[in-house]
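Given as structure tokens, the chain that follows is alone and in the form predicted on its own.
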């Protein structure tokens, strides 16, 4: 397993990302701290100089394991389950627009907040139908490129759609695409899963990516989660991907990042 940290290419409202903006300076810090990779959160690929991004990352011998897309929901309200057909179409097109960069970087695309929440007056079942259709379309488009999609089960306070690993596995079956799997996030799992370790065992090779934050959404080691047991279980099921830090910038971004990698490296 390798270590990365989430870095937003632009300023964003989402709080649980320690590093935002000034990409060149931040990615240099990530490399200096000893991370193996940098997960990039990108609202719109059209706003990013992909050549410069690729140059900076490769020049520091870093890997980009994944591209986060949630800011399209947080900043623009794009949602795969909106009751507005135009909004759904724009959300799907935005996800599809990430595919060329993801293919270039050999990165997966994360489906987190962009799934949205069920609008008032729309049934949960209808939202799930929209979600399955949207993911299937995106996965089919990306299949020939080798790009994978990872959906993140999230806690009940942020969405009503897909809270647990079990629900995520059911969604995988409905979508029916080999390049679609799960992103497990320890913060959300601490809220929704009866046992984080058993949930990890239940999805095995469908784990495409892992986010880590402690029980309080601070850096690993700042709360009460048993990361030794979590990492041991991931190793047990054969996970060889990235462990990516997505946590609050507390007490400050640099300190949080440094404490995170020190804690995880020791484990």
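Numbering follows the first chain given and starts at 1. Remember, predicted model here, so these are calculated numbers, not experimental data.
Not on display, but discussed next: the form predicted together with L-Erythrulose.
- L-Erythrulose is not drawn, but in the model of the complex it has no heavy atom within 4.5 Å of residue 219.
- L-Erythrulose in the model of the complex comes within 4.5 Å of no heavy atom belonging to residue 197.
- Put simply, residue 152 is close to L-Erythrulose in the model of the complex: some heavy atom of it is within 4.5 Å.
- At the 4.5 Å threshold, heavy atoms of residue 185 reach L-Erythrulose in the model of the complex.
- Of the candidate stretches 129-137, 105-113, 78-86, 170-178, only 105-113 contains residues with a heavy atom within 4.5 Å of L-Erythrulose in the model of the complex.
- Heavy atoms closer than or equal to 4.5 Å to L-Erythrulose in the model of the complex belong, across 29-55, to no residue whatsoever.
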